[in-house]
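One chain comes next, on its own, written as structure tokens: the form predicted on its own.
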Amino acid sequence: MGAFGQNALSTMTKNPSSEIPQGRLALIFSAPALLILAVTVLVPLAYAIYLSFHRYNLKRAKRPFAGFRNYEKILTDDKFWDSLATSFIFAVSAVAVITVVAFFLALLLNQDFAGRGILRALLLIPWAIPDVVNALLWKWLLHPAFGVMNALFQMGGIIDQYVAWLTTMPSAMIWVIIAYSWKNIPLATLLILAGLQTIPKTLLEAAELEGANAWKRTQYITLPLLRPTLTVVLIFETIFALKVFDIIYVLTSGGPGKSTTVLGWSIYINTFKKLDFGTGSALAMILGLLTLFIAIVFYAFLDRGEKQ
């Protein structure tokens, strides 16, 4: 080794501060991911905000600055409040179904029994199916002429003749919620199952020795310790449910009438049917702010629960 190399090696050995700081090194390695994130998320977001403040309609040559007029037009339109109410009805119902079913499925899969691994693997199948494929599957199942659901219900004596489930209310909303929940229950189940496996079994065994039944153990041990996991599940599922679009597009197209017109469908209609990108972007910003507010409320609830 030359004199220069020996001097450099001795300098780095004697003075560790000459090495690259850990924070800067982490920034260097994460720079490609941050660049991709900026290009794919921040740039479209900035452009959507820009569009929301302009009268950007492809049917018109001029696209002047509109300020908050797009937002004012939306907030004074009864159709917006109707779609917002429909979105909340859908989100609350779907999140409730997903959380409750996923919780009991996770309790079941957390037990030791033969075939548990196979059931855990089968649980992933609905989650692995693409959203549009899932919607098409349910559309065939609910077909008014040769749907499997009609055949099963008629065989069971529940109905006398085949029913057009997706063209009448409230069955259209109910089946949309069921189809959406079937697709999203696996993710919630896996998250809750992961939380259950962090609970020390000694606590449950001690409670059982003290005479606590299964409900008491769940109420006073499992649920309190699962609070952070359940909060995460609620945040994710609420955000996903509020921005739902694919299953509405395939199953009902916002119908019958406007009964399943959620905010995601309204954004699609304004942007790609009416070609009003300004109003569509403003609706998307309102939906984004709404989901951000709900996430903050859930996080505040989680922090308060952990501090108690």
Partner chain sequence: MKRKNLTRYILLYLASALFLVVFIGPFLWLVSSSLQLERQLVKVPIVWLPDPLSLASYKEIFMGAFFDEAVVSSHKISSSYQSRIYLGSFLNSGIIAFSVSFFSVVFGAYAAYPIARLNFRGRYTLLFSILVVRLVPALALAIPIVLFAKKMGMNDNLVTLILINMSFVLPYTIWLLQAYFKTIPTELEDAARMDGCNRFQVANKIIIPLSIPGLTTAGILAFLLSWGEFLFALLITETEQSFTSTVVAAMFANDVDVNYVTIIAAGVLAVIPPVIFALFFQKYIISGLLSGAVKN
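Because the structure is predicted, anything quoted here is derived from the model rather than measured. Residue numbers count along the first chain shown, from 1. Take the two forms, find the largest set of C-alpha atoms that superpose within 1.5 Å, and that set is the rigid core.
Beyond the structure shown, there is the form predicted together with its partner chain, which is absent from this document and is the topic of what follows.
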So which of 80-88, 219-227, 163-171, 187-195 is the stretch with heavy atoms within 4.5 Å of its partner chain in the model of the complex?
-> 187-195
From the list 137, 203, 92, 75, which entry has a heavy atom within 4.5 Å of its partner chain in the model of the complex?
-> 137
Tell me, yes or no, whether residue 210 is in contact with its partner chain in the model of the complex, where a contact means a heavy atom of each within 4.5 Å.
-> no
For residue 271, is any heavy atom within 4.5 Å of its partner chain in the model of the complex, or not?
-> yes
With heavy atoms only and a cut-off of 4.5 Å, decide whether residue 199 touches its partner chain in the model of the complex.
-> no
Though only this chain appears here, would residue 277 touch its partner chain in the model of the complex if you measure heavy atom gaps against 4.5 Å?
-> yes
Near its partner chain in the model of the complex, with a heavy atom at 4.5 Å or closer, the residues from 234-266 are 236, 239, 240, 243, 245, 246, 249, 250, 264
Rigid core fit then residue 253 CA moved by 2 Å or more between this form and the one not shown | no
Quick one: once the rigid core is lined up, does residue 58 have its C-alpha move by 2 Å or more between this form and the one not shown?
-> no
After the core is overlaid between this form and the one not shown, has the C-alpha of residue 27 moved by 2 angstroms or more?
-> yes
